[in-house]
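Encoded as structure tokens, the following chain is the form predicted alone, with no partner shown.
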């Protein structure tokens, strides 16, 4: 097992999703049990399903110096950066620490593929139209390049793309950069937007539900795709009231392209490593934000692991019934929800779920609960068995 690591301060964080823009909008929606999923109005070709769409993206007009990278994903990133004043916070960190000492880690699973789809639909004599012909727009690192222009950091700049665990893994990577002395602060960004490739791709795999998803329900029938942008700032020190990243654990099932290990071996390894780095036992975890996609096998395996590893006093829920599965942005979105839960002393319930799967233990919370919370986990178990678990601690006055 890995050794305990020094905690890091999360001095700022924000989220933008189908629930709204910013921390307050998300907390209100969670408390009111008001989901953001709606009937699909994104694809021109009919696809009967529910989606978690962010309003206002289409009306975003990027500044002139960013228009060569115009895409739905970058417009979503622009909206997310301005929620809770995060862009000013990020630039403030660059000014405080020095540009060379601030790293920028981006996470996405599809990047600006929506712009690539548009370019292929508008081929001109076999070539992309001029407005969509910029090579940087069609690379996986385009999100990192877009954000790099905005925040001015000059430390390491990388993009992580490991499917649904992408924006959880940047917390782990950021912690390592600070612990190894390669950065004094790390700006974390996870952004994934709706696109035809994802919606029709998951539908072809028969994984998309025709209705709002029902995580861990005995009658669940698939995922609901959403979009989101999340940002966080990691620093070595911070105000005592700032929440802390206490630990992280990563693993790979090495089992199957899409199906998790039947005994949840990878999930268990990631949980064990995360708790070891935090110096905590499973009995000290108050809340778990579950990966909980509402697919048959993923929920069954995760439910069994949680029931086996954690005591009945630990509360656990999936919030994908509120937001949909936001793919590469899911890790940071659900980390933000876990941090909100710690701050508000509140467990968000598992929306749309009425009859839990038989594999679920007493940990699963269906309704909202007011609880004393000091430690929270956030599980991200990606497509292909790429796993990451994060441990957060509540800030103390």
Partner chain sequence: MSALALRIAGIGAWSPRHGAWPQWRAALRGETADAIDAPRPPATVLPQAERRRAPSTVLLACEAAAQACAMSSLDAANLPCVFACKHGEVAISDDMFATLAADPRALSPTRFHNSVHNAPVGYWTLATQCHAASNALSAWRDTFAAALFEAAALAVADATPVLFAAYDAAASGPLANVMEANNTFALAFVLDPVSSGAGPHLRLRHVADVASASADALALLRVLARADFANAKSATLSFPAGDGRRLDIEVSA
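Keep in mind the model is a prediction, meaning the values are calculated, not measured. Positions refer to the first chain, counted from 1.
Another form, the form predicted in complex with its partner chain, is not on view; read the next lines as being about it.
*Asks:* Taking 156, 162 and 254 as a possible spot, do all three reach its partner chain in the model of the complex with a heavy atom inside 4.5 Å?
*Replies:* Yes, all three are in contact.
*Asks:* Please run the contact check for residue 97 against its partner chain in the model of the complex: heavy atoms, 4.5 angstroms, yes or no?
*Replies:* Residue 97 lies outside the contact set for its partner chain.
*Asks:* Examine residue 121 and determine whether its closest non-hydrogen atom to its partner chain in the model of the complex is within 4.5 angstroms.
*Replies:* Although its partner chain is absent here, residue 121 would touch it in the model of the complex, with heavy atoms inside 4.5 Å.
*Asks:* Classify residue 45 as contacting or not contacting its partner chain in the model of the complex by the rule of any non-hydrogen atom within 4.5 angstroms, answering yes or no.
*Replies:* Within the cut-off, so yes.
*Asks:* Please check if residue 127 has a heavy atom lying within 4.5 Å of any heavy atom of its partner chain in the model of the complex.
*Replies:* Judged by the heavy-atom cut-off of 4.5 Å, residue 127 is in contact with its partner chain in the model of the complex.
*Asks:* Report the stretch among 72-80, 239-247, 269-277, 286-294 that approaches its partner chain in the model of the complex to within 4.5 Å, counting heavy atoms only.
*Replies:* Selected stretch: 269-277.
*Asks:* Check each of 308, 221, 117, 88 and return the one that places a heavy atom within 4.5 angstroms of its partner chain in the model of the complex.
*Replies:* It is 117.
*Asks:* Do any residues of 159-185 have a non-hydrogen atom within 4.5 angstroms of its partner chain in the model of the complex? If so, which ones, in sequence order?
*Replies:* Going through 159-185 in order - heavy atoms within 4.5 Å of its partner chain in the model of the complex - the hits are 159, 160, 161, 162, 163, 169, 173, 176, 177, 179, 180, 181, 182.
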